[in-house]
Structure formats: structure tokens, C-alpha cells
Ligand code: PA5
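Have a look below at one chain only, the form predicted on its own, in C-alpha cells format.
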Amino acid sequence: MTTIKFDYSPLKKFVHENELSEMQQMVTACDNELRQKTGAGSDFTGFVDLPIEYDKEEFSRIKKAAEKIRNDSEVFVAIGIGGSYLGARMACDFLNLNFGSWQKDRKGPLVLFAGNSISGTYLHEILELIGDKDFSINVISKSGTTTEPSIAFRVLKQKLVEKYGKDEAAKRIYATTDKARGALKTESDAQGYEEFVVPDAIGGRYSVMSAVGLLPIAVAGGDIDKLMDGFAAGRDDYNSPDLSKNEAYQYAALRNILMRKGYDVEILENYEPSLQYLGEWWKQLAGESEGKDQKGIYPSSANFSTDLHSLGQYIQEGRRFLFETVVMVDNPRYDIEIPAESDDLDGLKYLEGKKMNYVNEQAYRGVVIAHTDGGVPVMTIHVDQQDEYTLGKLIYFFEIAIGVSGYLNGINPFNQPGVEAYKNNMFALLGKPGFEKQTDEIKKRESDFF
């Protein structure tokens, strides 16, 4: 079953025929590092075999918990930040499960996401939306001490306790956390929350196919059995180091070839609004994996044709350091025919009777030609349709590609040491215990900036 096809034919003017094959030896070495767990960060490569090594008992519990939540809650709030929320949010958008939550005949709760910012306004609006509705929460944090989700959890937990009492509130709290230690694990054990595990061998940005993402996706109405089937198909299809067979590795190699030619910013683009959060998820996957040691491709995203009216001019004629990767849905879920009118005031008579998806495809084709002519390399990942199976396979495509891409650039793709810098400064400014030594220095430096 072919659900994903990678097309790099527009790169002919940017990449010579021999360049991809010349990467084969390096790709084979990187593939061996990844699969034999000899490369940097190998302790966090559990995603590679997750499609066959996932916890089947926990998977069953996830489905049961999701069914309970869908029956007893009008609103479900997933609390997490970064990899603890982007994957689930991306999947809900990709599978068109968000608008469906508002349909009168739909079973199941409205799924919301919190703990991904420190905005009091945003959290207030969630509280207002919940109102007196029945609701449940899923707090997702390996440590239980990450600032943004910890604040949101305190606030929403308080609302649960006020509405249901402490004992009943505990039955509506689901904790996805470390299997053995941490603040959230300690609280969950003490209060009796149902617990799911953040796997030790999988970093947050690679964790969407664990309980981290699967519970919110299942609550939203996604078929996680089909999602896992697609994920397993990705493992099967992208298992060979042979560049002539493995399209995920073709993508990894080509983006490195382009980077070495000076194209060091990649824009992930789509032509369906429901793929916007695919771009957000991918940006963390690529940016946090590759942006270190003063190396890496800078990941950006754009939503076409919308952003063609804001970014199109720069992409067409600005500085030549960009390349584009399009995720194109070949068979969208729905289509609308453009109606006829007696006059032609809007100039659309030439489109009467045509379908919107046809127009959208011609926009894509026109953009590829224009941007390629303008000096911007373009690659396309074609996905057959927006369903669970295809999404599972697409997730594996990107995860395995980014892992190999990082190794090709001599980077540990599975750590993220740089994210601690801003946190330490913030904790010092807030007076967090243990950061007293940094506080005076940060206070002095603060005056240089504010």
C-alpha cells in the first residue's frame, strides 16, 4: 500500500545526478549508528523499533481510558508543552478532529490543549469555556516540574476538586509521566491517578506514538490501532540504508546536500489548513534535533496558499538561502464545486464548474515552477489522504529521516542542551530555590537589556 511518495525531481537544477549516490556510504554508516545504537544519543533511539516494541498492555489501557473519558466528559484538556503536546495537537488537526468536536451529533468531548504557554489570558479562556461542563484532564510531564504545564495543572486540578471533590477529581486526572520517579509520579501514586508512561528511551519530540500522544488522540476520536499500523508500515518501508529504496533517507541526504550549498533554511509547506500543526510539530523535531554545535538547518513553516500573500514575495525574490519541502495531500477529504453566476464581477467565470481541489493543485504546480525558476529548491512529500494509517507512516518518515540527517551533519540528534539557558535565567529572576547564586548576576545583566 503506497500512501507516501517523495518527489525531488524539481531539484535537477540544484543537485547533480551523482550527488545523492555519493552520499550512500555516509548514509549507510549513519543508519548503522542509529539501528545498532552506537551513535551519539543512542539511549534515546527507542522510536526506531517502537512500532513493534510498544507496551501492548498499556496500549489497551489507553483505549479503555479514552472510551471512559469520551463517555463522562464534555471537555478534555491535555496539559503539556513541546513534545508533550505538539504531536497530539498535530494529529488532531491532521485527522480533522477539531471542528468535529463542535458537531451536535458527535460523540465525545471537545479536546483542548493547555500548559503550552504562561499566558493567564489563555488559561482563563479555557476555564471560561469549561464553565460547569463535565471535564477530565491529562497532565503530560516526565518530571512533573516543567513550569508551563505545572502551572496549568495546578489551576485545572483546583477547578476539578472544586467541582467534584478530591476523591472524584482524582478519577478524572490521567497522568503521563516517568515510570519510576519525579514529582508527578509521586503525586500520581499518592492520589491514585491513572498513570501512563513517558518511555525512557524516547525523547519528547519523538514521543507522539507513545502514551504521550496516543491518549489525547484516542479521546479526540482517532483510531490509534490504524495509527500504529501506519507507524509499523513506516518501519517496514524505511528500513533499508539503500538510497535507491528508502525515500526517508533520500529526504535526509538531499536536505544535507542543499545545506552544504548554502541553503540552510527549510520551509515545510502545505496546501491544507489542517496541516498547520504538522509544521509546528516538525519544527520542534527538526530544530531541537539539529540545532546545536553551531550547525543545523533552520526549520520554518508556511501555509499555502494563505502565506503566498505574505511570504511569497520574499521566497520568490529574496535572499537565496531557502529551500522548500511541501507536504501535499493528493486526495483531500472533501471538495466543493465553484458555482456559476450570471455576471462575472469577480472574474471567476473561467473557474465555474471546477472543483476547489483542482484549483489548489494548480496553485501548487504553479508555485513549484515559479520558485524553482526563482532559485529556490523544492521537494514534495505526497500523502495519499489524511487518515490515521497515512499519518502513522508520515510520522515515522520524518522521525527516521531527522535522526539520520543529524548524524550526517555530525550532530547528536537526540539531546537538547541549549534549552536550559533561558530556563535558568527565568528561574533566577523568579527567585526559584537553588538559583540564588545566579540571581545577582542575572539582575545586573537584566539592566543591559530592559
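Keep in mind it's a predicted model, so treat the numbers as computed, not measured. For every residue, the number given is its place in the sequence shown, counted from 1.
The same protein also exists as the form predicted together with 5-phosphoarabinonic acid (PA5); that form is not shown, yet it is the one meant from here on.
S.K.: Does any heavy atom of Asn96 come within 4.5 Å of a heavy atom of 5-phosphoarabinonic acid (PA5) in the predicted bound form?
M.R.: Asn96: no, not in contact with 5-phosphoarabinonic acid (PA5) in the predicted bound form.
S.K.: Tell me, yes or no, whether Arg89 is in contact with 5-phosphoarabinonic acid (PA5) in the predicted bound form, where a contact means a heavy atom of each within 4.5 Å.
M.R.: Arg89 lies outside the contact set for 5-phosphoarabinonic acid (PA5).
S.K.: Find out whether any non-hydrogen atom of Asn239 is located within 4.5 angstroms of 5-phosphoarabinonic acid (PA5) in the predicted bound form, and reply yes or no.
M.R.: Asn239: no contact with 5-phosphoarabinonic acid (PA5) in the predicted bound form.
S.K.: Just checking whether Ile81 would be counted as a contact of 5-phosphoarabinonic acid (PA5) in the predicted bound form - the rule being heavy atoms within 4.5 angstroms.
M.R.: Yes, contact at 4.5 Å.
S.K.: Does the trio Gly222, Ser274 and Gln386 actually contact 5-phosphoarabinonic acid (PA5) in the predicted bound form, every residue with a heavy atom within 4.5 Å?
M.R.: No.
S.K.: Name the stretch: of 260-268, 140-148, 375-383, 313-321, exactly one has residues whose heavy atoms fall within 4.5 Å of 5-phosphoarabinonic acid (PA5) in the predicted bound form.
M.R.: Result of the contact check: 140-148.
S.K.: So which of Gly204, Pro109, Pro199, Gly234 reaches within 4.5 angstroms of 5-phosphoarabinonic acid (PA5) in the predicted bound form, heavy atom to heavy atom?
M.R.: Here the answer is residue option Gly204.
S.K.: With 5-phosphoarabinonic acid (PA5) left out of view, which of Gln250, Ser301, Gln284, Asn116 would have a heavy atom within 4.5 Å of it in the predicted bound form?
M.R.: If I apply the 4.5 Å criterion carefully, the residue I get is Gln284.
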